[in-house]
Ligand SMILES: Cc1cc2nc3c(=O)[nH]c(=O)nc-3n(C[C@H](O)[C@H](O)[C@H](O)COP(=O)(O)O)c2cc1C
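One chain follows as structure tokens, the form predicted alone.
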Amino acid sequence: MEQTGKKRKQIRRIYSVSFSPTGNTRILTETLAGQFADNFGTAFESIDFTMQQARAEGKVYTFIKGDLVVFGMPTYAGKLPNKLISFVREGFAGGGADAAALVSFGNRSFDNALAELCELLEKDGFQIIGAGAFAAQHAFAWDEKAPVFRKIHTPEAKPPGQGRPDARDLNALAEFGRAVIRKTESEEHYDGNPVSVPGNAEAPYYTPRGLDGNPVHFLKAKPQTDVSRCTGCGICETCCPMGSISLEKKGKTELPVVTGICMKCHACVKACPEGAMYFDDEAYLSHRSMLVRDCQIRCEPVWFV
């Protein structure tokens, strides 16, 4: 490329940063960070702030100019998980680093999540050079392992976003990555041209609806345990992002008890090797059934640079 007199910034360090209870958002961020690392001839570092210890009080992840950060979060009810907002505000210092913002969504809609993430990162001191929304298997989809799911759904009912991100999604992610790389090599990037994304960061959360189309409320719903399946292995306790599951002695074995806030991330449901964790709240089940019924048409990725 012909030089035009301006000194282009060199990418020195690359990071994948993610909150990803069921792992799909981390797949997206690490895949994109790997593409950037290959292009710029370096390695990337992965920062996963899913678990409580990675969000310890006073913890701040600091970046500087010359860093390229892929920052990903899942969409919960059309925005970012509300329990994570304060940490994203206080736990990251962008320092002028470039950032590619990513949100995953469960094949319904990303609504205002991407706009919210971009606004938060800009306030943290990042320079947004690209933003994208990519479908992934809906967190509620993991209930298909549990007996309660099999009771209320036919075998052919596919969870929304099943098996995603898939090869088509990853090809689209690579195309997005190439667009970001081209932008880092252009003068326009360093003139500070903002990335425009749809949505309103200040909009309210999406209101879940049931099979009858009416609003449903299940904020207090918590995972239950099928005691005939549970072996007391403790995996659910170790994978809860909120640290809200504890094992307590029940008869001859230890069983999980939800002692704190449940954000409905379904990490415990997905991770349980016996399919012993499930939700039985009627409002939740009605909303989940609505998603299975109404969210089968494939949503394609979108991105902006």
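A residue's number is simply how far along the shown sequence it sits, counting from 1. Values in this document were obtained by computation on a predicted structure and should not be read as measured data.
One more form of this protein, predicted together with the named molecule, exists but is not displayed; see below.
Only one of A139, A99, L114, V180 lies close to the named molecule in the model of the complex, with a heavy atom inside 4.5 Å, and it is A139.
Stretch-level contact analysis of 120 to 128, 77 to 85, 170 to 178, 91 to 99 against the named molecule in the model of the complex, using heavy atoms and a 4.5 Å limit, identifies 77 to 85.
In the model of the complex, the named molecule sits within 4.5 Å of a heavy atom belonging to T25. Although the partner is absent here, C265 lies within 4.5 Å of the named molecule in the model of the complex, judged by heavy atoms. Though the partner is left out of this view, S186 does not reach within 4.5 Å of the named molecule in the model of the complex, counting heavy atoms only. For S109, a non-hydrogen atom is located within 4.5 Å of the named molecule in the model of the complex, even though that partner is not displayed. Contacts with the named molecule in the model of the complex, taken as any heavy atom within 4.5 Å, map to no residue of 42 to 64.
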